[in-house]
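Single chain ahead, written as structure tokens, the form predicted on its own.
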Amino acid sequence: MTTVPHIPILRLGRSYRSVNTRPIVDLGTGETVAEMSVGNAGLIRRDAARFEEASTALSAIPCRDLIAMSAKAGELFMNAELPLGDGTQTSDDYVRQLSRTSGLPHTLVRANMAKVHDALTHLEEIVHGLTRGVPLEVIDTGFGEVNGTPVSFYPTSHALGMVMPSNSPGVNALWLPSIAFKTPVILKPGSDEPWTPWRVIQAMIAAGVPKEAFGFYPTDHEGSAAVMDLCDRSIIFGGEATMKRYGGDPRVEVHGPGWSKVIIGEDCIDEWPEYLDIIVQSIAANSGRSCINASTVIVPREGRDLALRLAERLSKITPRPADDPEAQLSAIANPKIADWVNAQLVAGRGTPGAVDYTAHLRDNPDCVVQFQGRTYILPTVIYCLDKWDHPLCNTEFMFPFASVVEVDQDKVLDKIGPTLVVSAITKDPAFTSQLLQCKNIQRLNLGPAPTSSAQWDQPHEGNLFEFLYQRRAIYHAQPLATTGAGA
């Protein structure tokens, strides 16, 4: 008889098995892949009394040492056999388990695995980018000099709350610098994806990071709210409703829809076929699950031809077995979401002003299909007939989807609205200057680069150092004494 692994709660490093558990199942067969303990809000509130103690444990270690431990953790995360409940988990186990419960094919699990590994092993570059070059010793002692100017920083919270999604393992890279910044992580994993944060935490503990620095709390909505309430700084992922609920709270950083875009300028539009690979990658990388995937392509003209070619390319991405090395499309964990997306597309296609150029390339009008017991949404390209206000224009879904729309270049930046990433293909100095001045763009790629491209020293959403530390004015009339780790 084969027993499934049990994923416990981590109460600031202490493993805890709850009487309340829930299964994590294979999307195709319904077979239980693991059992997971579920904590309640009361348990998290009791543990909050130890957040300051956990912060003290991290503060005693120099920032440079924590970065070295993170680099070691990157190698362990990638290759080692690590604890999983009462047993262990190899890296191949991790790939198979995550694929079965999230719907990601093995190729995309391994791609996200490499992303987390890179973040852990390049943490010094990330910290340098987030702090804009503040010496690591300043984080240790709380004061120092930058370019001859005295500076002082103090932490804003004893812990960072993380309410995680299930859509992509790579988002875990976001919280990794928190350890180097000496801030414990209180993490509520996604309901279908506890695997990645658990494995990262185990790799960090094995690398020498104090186990007290980690809270891992599978929980319900009330428990998630408790994480947000008890941590003075929290990050949550969600849709527009989540953005409205927490958008005005300075204690909370909300990661919502990206509405990322590819924009081709008037000066480059005649060469648009040269950029088709970049546009395809922008839309389809990571199966379109990320907020940095492009959901809108804006051109001054040639939109119809570009949409047709784009549809031909994307329609070749079809469901394949999870372990197929060519698989690029992820299954949808919740079939009700697939049905909702399909209903939105049907309603949108019924609204004049848009054409689905992928519809005639599919075997049936619907984009939702079943394959090996799993639910998939097929890539979809919509050409909007000069109608920016069409319901399918500037809309984001969690699969390879994009609308193509023609907009005069001088009107583009008035229309785009909040946009996480823009890849602007233009060499026009005047348009480039306008893009640089645009307040709606959080990350700007100038030139032919996919929206999914990233540089570790250029965070595209928020700045974790500025979230976890506040700068104060400082003047000292005598040498300062400190008990910090770098003293």
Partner chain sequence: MTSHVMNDAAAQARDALDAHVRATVAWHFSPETGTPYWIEYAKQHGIDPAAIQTFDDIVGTFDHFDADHILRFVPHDQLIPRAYAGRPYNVFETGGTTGMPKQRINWEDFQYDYTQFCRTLRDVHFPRGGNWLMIGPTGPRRLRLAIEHLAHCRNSSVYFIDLDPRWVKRVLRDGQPAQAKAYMAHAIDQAMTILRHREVTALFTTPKLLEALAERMSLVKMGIRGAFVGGTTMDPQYTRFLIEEVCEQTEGDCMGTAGVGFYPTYGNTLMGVAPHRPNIKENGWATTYYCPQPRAVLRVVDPDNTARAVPYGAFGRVELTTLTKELFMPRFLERDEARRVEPWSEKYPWDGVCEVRPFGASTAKIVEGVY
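All values reported here derive from a predicted model rather than from experimental measurement. Numbering follows the first chain given and starts at 1.
Quick note: we don't show the form predicted in complex with the partner chain, though the next part is all about it.
K.L.:
Just one of D86, E125, D249, E222 has a heavy atom within 4.5 angstroms of the partner chain in the model of the complex, so which one?
P.N.:
Selected residue: E222.
K.L.:
Please tell me which of V38, A57, A454, A449 lies within 4.5 Å of the partner chain in the model of the complex, judged by heavy atoms.
P.N.:
Flagged contact: V38.
K.L.:
Counting only non-hydrogen atoms, which stretch in 423-431, 62-70, 44-52, 438-446 is within 4.5 Å of the partner chain in the model of the complex?
P.N.:
Looking at the partner contacts, the answer comes out as 44-52.
K.L.:
Is R17 near the partner chain? Define near as a heavy atom within 4.5 Å, in the model of the complex.
P.N.:
Taking the distances in the model of the complex, the answer for R17 is yes, it comes within 4.5 Å of the partner chain.
K.L.:
Indicate whether the partner chain has at least one heavy atom within 4.5 Å of a heavy atom of D408 in the model of the complex.
P.N.:
Taking the distances in the model of the complex, the answer for D408 is no, it never comes within 4.5 Å of the partner chain.
K.L.:
Is it the case that D270, even though its partner is missing from this view, gets within 4.5 Å of the partner chain in the model of the complex, heavy atoms only?
P.N.:
Close contact is absent here: in the model of the complex, D270 is far from the partner chain, nothing within 4.5 Å, heavy atoms only.
K.L.:
If you check in the model of the complex, is D229 within 4.5 Å of the partner chain, heavy atoms only?
P.N.:
It does: once the partner chain is placed as it appears in the model of the complex, D229 has a heavy atom within 4.5 Å of it.
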